[in-house]
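The chain below stands alone and is given as C-alpha cells, in the form predicted on its own.
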Amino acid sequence: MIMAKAKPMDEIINEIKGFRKVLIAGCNGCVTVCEAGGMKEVELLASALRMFFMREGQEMEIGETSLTRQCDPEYNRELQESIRNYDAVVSLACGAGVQFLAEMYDNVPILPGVDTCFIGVTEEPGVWTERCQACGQCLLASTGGICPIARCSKRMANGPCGGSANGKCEVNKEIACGWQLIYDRLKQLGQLDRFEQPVDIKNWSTSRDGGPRKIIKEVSRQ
C-alpha cells in the first residue's frame, strides 16, 4: 500500500493562514492504515489547528470529513455540495489523491497535508517499510520475490555490487544488503542458477519517463 507521513504542522499552518474556512479531508484507504490520513488524523489535525488559530486571535473555521478513497471520482463526488463552503481543502490523501481531488474541484485550492513516501508493508505495529518503487517492469520472478530496485540502495538490477559486508549495505550499515537477501532466498528455493541469467537493462524511458503512465483495461471500460 502507499505509505505517507504527516507534514510538519508549521508547513500546514503557513499554507492555510490566509484563508477563513478550511476543510480537512481524510482518505480511508492506504493512509489510514499507516496512521497518516484517516478520520482519526483528520480530527487530531483539525483540533490542533483550531487551538493554534484561537491562540493567535485569528478567526478560522475548520471542517472535517473523510472519504472512502480520494483516487476515485465516485467518492470524491461526495464533496460536491460541501466543498463550495470552504476557501481551501487540506487533503490527507496520498499525492495521487490530492491531485485527483484538485482536478475535480479546480476552483478550490487543494493542499497536501501529508508527504507521500513509498509503496510498502506493515512490518510490525507502527513500523512501515518500503517494498516497491512501481518501476513498471517487475523483476520479482527472477529475484526470489525480493525487489532489487526497492531493497538495494543502489537499485542494481544485477548484483551484488561487492561493497556489502556481513549481509549489510555499505551505504547504511543498518540496512540489509538487498542482493544478500535475494541470494539467500534463491538458495532456499534451489534457484541459484538465476544468477547465471542476467536481467535485461531496464527500459526506463517507457517505465518511468515520458509523462504520466496509464493502464487501460478494456473490459472495465465496456
Partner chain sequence: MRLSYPTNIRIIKVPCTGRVAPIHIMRALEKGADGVFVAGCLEGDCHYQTGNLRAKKRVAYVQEILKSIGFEPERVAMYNLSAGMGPRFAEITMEMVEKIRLLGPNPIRLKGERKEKAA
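Positions refer to the first chain, counted from 1. Being a predicted model, the structure only gives us computed values, none of them experimental.
As for the form predicted in complex with the partner chain, it is not shown, yet the points below apply to it.
The closest heavy atom approach of Gly57 to the partner chain in the model of the complex falls within 4.5 Å. None of the heavy atoms of Gln197 is located within 4.5 Å of the partner chain in the model of the complex. Shown alone here, Leu44 lies within 4.5 Å of the partner chain in the model of the complex, counting heavy atoms only.
In the model of the complex, at least one heavy atom of Arg50 sits within 4.5 Å of the partner chain. In short, of 153 to 161, 169 to 177, 36 to 44, 65 to 73 it is 36 to 44 that has heavy atoms within 4.5 Å of the partner chain in the model of the complex.
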